[in-house]
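Only one chain is given next, in structure tokens, and it is the form predicted alone.
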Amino acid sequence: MYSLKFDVDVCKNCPTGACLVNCQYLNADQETAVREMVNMAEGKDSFVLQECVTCYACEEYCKRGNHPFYLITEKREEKGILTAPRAITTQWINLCEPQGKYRLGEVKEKALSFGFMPEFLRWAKGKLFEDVMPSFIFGQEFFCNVVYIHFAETATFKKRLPGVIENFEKLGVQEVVFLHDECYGAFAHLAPAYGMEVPFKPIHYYEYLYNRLNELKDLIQPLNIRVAYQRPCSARLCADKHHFVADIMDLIGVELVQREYQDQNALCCGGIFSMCFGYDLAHEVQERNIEDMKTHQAQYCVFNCPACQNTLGSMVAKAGIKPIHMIHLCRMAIGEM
């Protein structure tokens, strides 16, 4: 069984406790943060195990590469601290169980992964994807299974992810562009944290879009709109790629409004909150988030994750802000939508 690479001495000597000090849902100073992380690492109880809302953000806040969120998840699982009713967790695990059902295009050395999100089968079209389509991959056999860490369930991805990696390897792919950043994070961040070797190069689709837009720059017509960006929890697993949001906006003539809840200070969409921690928390976070978009006069809310868009899309629309996925925004800029 794969085990998490975590160094308790790194926690003991941490001068900032940033993983918990910066958390928007917990209240901890540096001394408390260090103490609680060390307690968890040593198998002791901690209020964090009860109160963490699984937003992944501490993975980004920790600059020492010590995977605080994965530790929290591991210890919750060991102690049987459920973040959602067991029936919900079991339903999700069964939904994405590998069953030999998947779709492949003409897979080449460079491929486009849709994970297990059917939206991408409809969205990844046009000139943006000409150089990589029809080399696409879709289905449970290639699904990263990272979502289960929201449910304090590491056993599932430890069991399934090595098989997923092997399935990609069997296809002979050398590079894979992942259209969901949780999938990208699985291979670029989580797999190395558990000592799993990844025999191909994972590429975040924002990096792909930015490079492709530069190739198509003669087609770009500046959009001249103001947008708020809804950063998903899974983006915390690939924080080094977040700069491409601003880079893409600059390239296509979009003003990314400088609001309170963006970048490291981003708020979750609330989808997992409502499922695991109750409607009240989800509603409060969503209200603050959307009010922040309105205050800064965003015309559009740009989404990365389809699940975030499904959760918040109608809410931002009711607030007078147009919901749009990043792929569609980029296709607008080159005159395809």
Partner chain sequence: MTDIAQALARIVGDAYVSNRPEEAYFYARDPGLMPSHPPDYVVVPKSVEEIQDIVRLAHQEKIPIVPMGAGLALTGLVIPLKGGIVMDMKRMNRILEVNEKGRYAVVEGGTSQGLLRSHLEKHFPRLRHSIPDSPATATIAANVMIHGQGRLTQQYGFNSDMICGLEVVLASGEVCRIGSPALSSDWFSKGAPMPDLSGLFLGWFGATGIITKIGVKLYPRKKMRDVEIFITDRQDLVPDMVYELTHTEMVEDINVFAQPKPMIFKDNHHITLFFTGDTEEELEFKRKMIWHSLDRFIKAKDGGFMGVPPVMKPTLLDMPQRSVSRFADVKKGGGFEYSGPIIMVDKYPDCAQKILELAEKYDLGYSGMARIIGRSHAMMYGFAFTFNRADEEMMERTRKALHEVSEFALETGGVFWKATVDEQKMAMDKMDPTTLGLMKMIKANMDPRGIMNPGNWEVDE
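Numbering follows the first chain given and starts at 1. On a predicted model such as this, the values are computed, not experimentally measured, just so you know.
This next part talks about the form predicted in complex with the partner chain, which is not shown.
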Is the gap between Asn224 and the partner chain in the predicted complex 4.5 Å or less for some heavy atom pair? no
With a cut-off of 4.5 Å between heavy atoms, is Gly43 one of the residues that contacts the partner chain in the predicted complex? no
Should Glu97 be counted as a contact of the partner chain in the predicted complex, where contact means heavy atoms within 4.5 Å? yes
If we define contact as a non-hydrogen atom of the residue within 4.5 angstroms of the partner, is Gly163 a contact of the partner chain in the predicted complex? no
Every residue of Gln230, Gln299 and Ile321 near the partner chain in the predicted complex, heavy atom within 4.5 Å: no
Just one of Ala246, Met133, Leu171, Ile88 has a heavy atom within 4.5 Å of the partner chain in the predicted complex. Which one? Ile88
Please pick, from His283, Lys294, Arg35, Arg64, the one residue with any non-hydrogen atom lying within 4.5 angstroms of the partner chain in the predicted complex. His283
Partner-proximal stretch of 248-256, 261-269, 180-188, 77-85 relative to the partner chain in the predicted complex, 4.5 angstroms, heavy atom: 77-85
Going through 263-284 from first to last, which residues have a non-hydrogen atom within 4.5 Å of the partner chain in the predicted complex? Ser274, Met275, Cys276, Phe277, Gly278, Tyr279, Asp280, His283
